[in-house]
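Take a look at this one chain, the form predicted on its own, written out in structure tokens.
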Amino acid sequence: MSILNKSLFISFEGIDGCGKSTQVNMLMEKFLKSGDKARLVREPGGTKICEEIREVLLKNRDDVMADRTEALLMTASRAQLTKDCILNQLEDGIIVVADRFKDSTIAYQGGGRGLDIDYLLNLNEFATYGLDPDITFFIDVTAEEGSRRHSGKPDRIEGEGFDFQKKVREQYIKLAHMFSKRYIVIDGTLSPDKIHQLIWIEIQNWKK
């Protein structure tokens, strides 16, 4: 039986290697087993146009992409995803689970790249039609832990290094205070099953 009778928009955030994608997949499986209609989206990506932008953004290249170009491409992908997928799904009463959303731009291009936070906040509002997640789960690990967990060849942003990830995490912590009503901070060093259990409890509490 479905636990929810209305739409719900959940985003997952955190530095590279925090384990959020594992939690996204576990939550989607839980929703489907519970009979809930749920849709998973990822950033950047999710539609044909967005996946093309993702390729440009994450491909390792010899030429250097300007920080502002990166921010604009990220939000361009988000605008397309919001219009084509997220808003329509929410209007139909479907739960949307996002593997990253608007806070990633503030953390990565704001905290990591040092771009103006207020400008990025306004740009995000434009790109998302003013949409905010109902719940944002921030899976928090240190840059050291994230680096230790990472395996495989890093993409262009993952390869920015340890100091970059530290700045990104620091900005996420600021965001958790700034948007405390929707942010739920979870210790990413807990076991995946324990983290999933905490997430499920928070979702059940939200619906009450």
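Residues carry their position along the shown sequence, with the first being 1. From a predicted model like this one, the values you see are computed outputs, not experimental measurements.
Beyond the structure shown, there is the form predicted together with a small molecule, which is absent from this document and is the topic of what follows.
Remark: I199 does not count among the residues lining the small molecule in the predicted bound form, judged by a heavy atom distance of 4.5 Å or less. The closest non-hydrogen atom of R149 lies within 4.5 Å of the small molecule in the predicted bound form. The closest non-hydrogen atom of I10 lies beyond 4.5 Å of the small molecule in the predicted bound form.
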